[in-house]
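So this first bit is one chain, no partners, the form predicted alone, shown in structure tokens.
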Amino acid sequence: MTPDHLQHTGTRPSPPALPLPPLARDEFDVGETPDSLERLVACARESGDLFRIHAPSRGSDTWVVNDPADIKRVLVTNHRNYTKGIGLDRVAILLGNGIMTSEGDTWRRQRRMIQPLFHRGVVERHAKLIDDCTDARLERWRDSAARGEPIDVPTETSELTLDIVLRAIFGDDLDWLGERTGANPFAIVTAEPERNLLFAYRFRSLSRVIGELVARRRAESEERPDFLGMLMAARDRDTGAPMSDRELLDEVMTLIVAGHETTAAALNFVWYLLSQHPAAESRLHAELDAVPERRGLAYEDTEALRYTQAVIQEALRLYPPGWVLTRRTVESDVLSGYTIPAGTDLIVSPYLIGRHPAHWPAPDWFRPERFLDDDPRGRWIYIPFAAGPRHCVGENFAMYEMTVHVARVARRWRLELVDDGPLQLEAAINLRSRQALRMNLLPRH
């Protein structure tokens, strides 16, 4: 027998709608508005650890995940169910199909071939390069200090980290590239802060001269110890095949951008925070003064500078350059008891979880000592380098480079902020300071 109500309508009753997490009252496209960070923080304060924000441009909701168990599920235990999400198309225009933007088998293959570049022992090989680049920069700073002129920290750290990553990638051939083009062809990266379509076009046009260098090296049949040489020598472990020319170019472009912008931003926040917290600055100086300075530090030597690394880690907690991670569900999943449909965009924010009051006492305070006796990474509340299989492949290199930089500078100077006023943040592709951070260099000895 057919129920009476179906005899009359000819339709079956719709299944009950699944319960959904709270919908924030604010509507905006996260990362697309100048005040995205402030609005995201306000939504989280109002809506809890799992909520939705309606994105008007897409006509759909973005789920915001801010519970440690859900973060672990998305990034680690069920990571295969999540692909890269919103904003990936813009990054792909700039970087192609490199490790930051690729998916599936392509990503896994490239990741395996790139991972050896960032093993601790390989990172140590760049010690002299990092020292040399730092020495050249500090010589310029000495001149500024002698004249009593402040330095523009964002500009200085951006130029320094770009110089380091370019030397690490191209080695001595960076000079050949400069001669080939008449100047440093990658100066555009620091000279033009906007990451728009015009920048993407000009940046991608550099692939031509990189392609010429690759052809030149292949003709010489000489392996080089720099990153480009290692990428050219890398082989797929299953097929034995090398990277194609396009894959090589995309990975080099990715290393250039990802290898300098986030590190530079992190160092800016380190120096800003130290300038505002003299007790932490004094403790940093005491640690550095207790050990002799020497060049060519091993990786374990930088780890022994525990408070120096804690300062960097705390700066990354408060101001993670990668302030938002985007994902999209492949199939439906369950987060905090709610079913998230297939094809749903979601974000995990290292900024939000890094300042969560339930997990961090006095979450907005700068307290490097948090990291001396506790490693919060296993609790999924500290993820400035992401987590799981897609965590930042360059974390070892970045931490080594930043520790060397902070140690070398802090032995010589205190950095005093010149301009008053609160720190203004720009949350676009990366989190960075909106204003210039001009600082005086005050000799310590």
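Note that residue numbering begins at 1 and tracks the sequence as displayed. Here the structure is a predicted model, which means the values were calculated and not measured.
What comes next is about the form predicted in complex with a small molecule, which does not appear here.
The candidate spot formed by 100, 266 and 384 lies fully in contact with the small molecule in the model of the complex, as each residue has a heavy atom within 4.5 Å of it.
Taking the partner from the other structure, the small molecule in the model of the complex has a heavy atom within 4.5 Å of a heavy atom of residue 165. When the small molecule is considered in the model of the complex, residue 316 lines it closely, a heavy atom lying within 4.5 Å.
Residue contact with the small molecule in the model of the complex: residue 79 places no heavy atom within 4.5 Å of it. In the model of the complex, the small molecule lies farther than 4.5 Å from every heavy atom of residue 305. Only one listed stretch (211 to 219, 104 to 112, 294 to 302, 140 to 148) carries heavy atoms within 4.5 Å of the small molecule in the model of the complex, and that stretch is 104 to 112. Though the small molecule is absent from this view, in the model of the complex it lies within 4.5 Å of a heavy atom of just one residue from 228, 335, 189, 258, which is 258.
Though the small molecule is absent from this view, in the model of the complex it lies within 4.5 Å of a heavy atom of just one residue from 37, 393, 407, 53, which is 393.
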